[in-house]
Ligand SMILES: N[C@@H](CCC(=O)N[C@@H](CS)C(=O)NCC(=O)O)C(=O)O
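Take a look at this single chain in structure tokens; it is the form predicted alone.
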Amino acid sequence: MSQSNNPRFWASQWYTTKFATEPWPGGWYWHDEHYNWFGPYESEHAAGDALTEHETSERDALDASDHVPSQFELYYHPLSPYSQKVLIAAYEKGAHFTPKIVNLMSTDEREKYRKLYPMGKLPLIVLNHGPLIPESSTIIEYLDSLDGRRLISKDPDVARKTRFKDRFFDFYLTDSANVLFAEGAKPPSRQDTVKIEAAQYRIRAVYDFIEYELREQTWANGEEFSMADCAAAAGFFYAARIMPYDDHPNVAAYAHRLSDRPSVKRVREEAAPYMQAYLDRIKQSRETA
């Protein structure tokens, strides 16, 4: 098996990393499922034999247990709406992953994470053979290539509408709710009224859009739960706390269906203690101000 078609092989003269202090010694290398590198070996054949031995031992260990191997590592935080969006999709797909919670408010954790992904944004998945996949919609596109129910239709027209609504909810519901939540945590004298009014306008426009779209359908893009619904559920986690939709019956019914969805319920239950801790900190800071 040649290096050109196996991403787990690298000849050292072709491989380097941003954080390497010096070139690796000459020879061939291979890495395991957790991206730990082994080598150098004198030849590609020797590296291949070592990799085959490793994979055989791993399969034997799995056959002797009920363990399901992790398909990737997911770096996220339970309160990050875009992390929630990906978690909902992962649970819908029944994906098996290794969770890696990252607190970007911690200087040490943030700097450590930036060594992995310099942009420092969540969520991120790291595949077992090394590549990084950032950005929530791109991650879900990858997840949809795995086994399980589809979140993006194979029909090009339906898929286009799903991708549009996914972006629509991200930009105008989630991002606007984030603005209102962040501004609401500030003392009134420091709040940006221009930002607040613009965000409120966008969320009302989203509610009007959903009210019209969901007149005769169950989910954002028809009768099948999709990537667009993952995005909407993440947006509602914050928007529902800030801007009521009592005068939008279709929105209220849709938000209720999302809340009852097992994947959404699981994500929100996991986020609940983090949200309570955050609210407690805000309350305490106001009392001591």
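Note that residue numbering follows the sequence shown and begins at 1. Since the model is a prediction, treat every value here as computed from it, not as a measurement.
What comes next is about the form predicted together with this ligand, which does not appear here.
Between the options 198, 104, 132, 158, the residue in contact with this ligand in the model of the complex by a heavy atom within 4.5 angstroms is 104. With the partner omitted from this view, the residue of 152, 179, 126, 122 that lies near this ligand in the model of the complex is 122 [heavy atom within 4.5 Å]. Using a 4.5 Å cutoff between non-hydrogen atoms, residue 71 does not count as a contact of this ligand in the model of the complex.
Although the partner is absent here, residue 82 sits close enough that one of its heavy atoms falls within 4.5 Å of this ligand in the model of the complex.
Shown alone here, residue 162 lies farther than 4.5 Å from this ligand in the model of the complex, counting heavy atoms only. Screening 135-143, 93-101, 182-190, 200-208 for residues having heavy atoms within 4.5 Å of this ligand in the model of the complex returns a single hit, 135-143.
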